[in-house]
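Coming up are structure 1 and structure 2: the same protein chain in two forms, each one given alone as structure tokens.
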Structure 1
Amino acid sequence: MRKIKIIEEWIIKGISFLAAYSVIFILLYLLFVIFKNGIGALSWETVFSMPKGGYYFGGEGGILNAIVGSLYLSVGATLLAIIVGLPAALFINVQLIRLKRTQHLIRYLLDALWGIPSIVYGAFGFAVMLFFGLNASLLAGIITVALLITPILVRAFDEILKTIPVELQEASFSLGSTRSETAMRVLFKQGFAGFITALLLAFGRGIGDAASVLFTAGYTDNIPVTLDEPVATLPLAIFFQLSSPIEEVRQRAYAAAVVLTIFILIISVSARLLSKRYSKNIIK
């Protein structure tokens, strides 16, 4: 019997080791392929210049319009998601603290929204655009991406708030604090590190998504100056250039992928560092 348990333990360890290092290998191989194909086409001109005449046929120019457009769209969508998502997460954990069934229902609906493919959000945003007579624009893209990342922001922050001891809320109530004061001065302060992580997670999803803005944001070689103008993004730049039959244009698509990957890596590392920094003052 003891030998069987030892064999089972070694089998589980082997499967766990294989699964863990397979994930690492896939990530490293993905980065290797992207950087191998894109680093040669990456230059200062590619990053800091706008597309010029004949750019999509191998002419001069860069992806500055897509970089700035991605930042415009993802920052705007993240701010809109914060306006909706932060009060929603606090409401679930403070106002509904005694209504467990309602909490479970809202969390289930948020999980369902999280699991909806981004192309469905794009189709929904396109339908809303047609209903209100809007054009493909930065505003339409921001609204669509905000709808996409709001459930992510709410559920991620909600999971952090669930780890905060209930005794902190009870102590706050016993001192005469209202539910709103408890939410902002106790829960939000204690969960701030998790909120930063959730925020950057949502931002990273927004800046890297292509399907949700394919029908709503449009595409342009210029940097938009108003909300009703179309906007280019890095995922769309990759999509359009990678489908080109011209080898040089496809190399530029990989260069855009390198820039986008660097953005995502910076966001991930920042989330870890900020979460570690602000978690020191959390009461456990």
Structure 2
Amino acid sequence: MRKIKIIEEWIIKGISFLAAYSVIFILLYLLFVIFKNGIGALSWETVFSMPKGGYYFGGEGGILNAIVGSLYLSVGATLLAIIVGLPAALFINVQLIRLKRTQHLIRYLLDALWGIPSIVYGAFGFAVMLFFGLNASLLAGIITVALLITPILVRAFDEILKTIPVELQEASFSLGSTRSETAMRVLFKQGFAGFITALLLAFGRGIGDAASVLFTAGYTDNIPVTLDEPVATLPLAIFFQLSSPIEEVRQRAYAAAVVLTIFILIISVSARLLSKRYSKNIIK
């Protein structure tokens, strides 16, 4: 009896040890493969030049159009998400602070919204485009990606805001400030570190998403100048070039994948550093 127990203990510990380390191994291996295949094809020309004639058949050029396009698109979408999401998150934590049940319901709905796949947002964005007679463009892409990332931004920001003690708000009210002053000057300041994290999380999600921009943003070899022009994005540059039969073009897809991965890593790491830096100013 005692022996069986010990054997069972060892087996389980062995299995879970293997599971944990194989998860770590798989994930590191993934990064290793992406970098190993991409670094060789990565050059200054790839990153800093536009695609030239015959580029998709192995000609000269780079993916600057997709890099700049992706930045335009995700910066625009993040700004839009802030305009809608920031006040919404503050509203949940100031105006609704006494209505616990409503707060829970809203958080519940937003969490569920977080799980909706981006292809559905893409299809919806396309339906909206048809409704308003828009073409695949930077604007349509920005709106679609903003829809996708706003719930993420709000929920991530809200997670930090809800940890701020009610007493801080009460102190602000007792000094005669209005609700909006409390929201913007007390809560927003106090939760600024969380806001930065939420912002970068949403930005990273926006820059990496392919399915939502597939039909709404289009694809082009140029950098858009106005909002109604189509725009190229990095995930789609990877996706399209990878389906090419020409080896050299596929190599560029690997290089683009490295560029995208580096972007995401920079965003994640700076989110951590910035949130640490700004949380120094918080009144405990």
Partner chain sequence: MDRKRRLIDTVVGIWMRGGLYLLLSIPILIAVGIYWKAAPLLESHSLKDLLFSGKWFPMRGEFGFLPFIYSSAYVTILSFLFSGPLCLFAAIYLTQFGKRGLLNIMLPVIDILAGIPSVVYGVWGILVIVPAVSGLAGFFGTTSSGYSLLAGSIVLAVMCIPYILNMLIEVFNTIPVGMKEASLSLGATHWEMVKHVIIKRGFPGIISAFGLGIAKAFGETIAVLMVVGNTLEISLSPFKPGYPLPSLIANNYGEMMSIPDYDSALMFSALLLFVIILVINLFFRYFIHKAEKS
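Superpose the two forms; the largest set of C-alphas matching within 1.5 Å is the rigid core. Residue indices: 1-based, along structure 1. Remember, it's a predicted structure, so these values are computed and weren't measured experimentally.
- Here the chain coming from the form predicted alone is structure 1, while structure 2 comes from the other form.
- The candidate at the hinge, the spot where one rigid part hands over to the other between structures 1 and 2, is V33 among L71, V84, S177, V33.
- A rigid-body turn of 18° separates the smaller part from the larger between structures 1 and 2.
- Summarising the core-aligned comparison between structures 1 and 2, the C-alpha atom of I12 is found to shift 8.7 Å.
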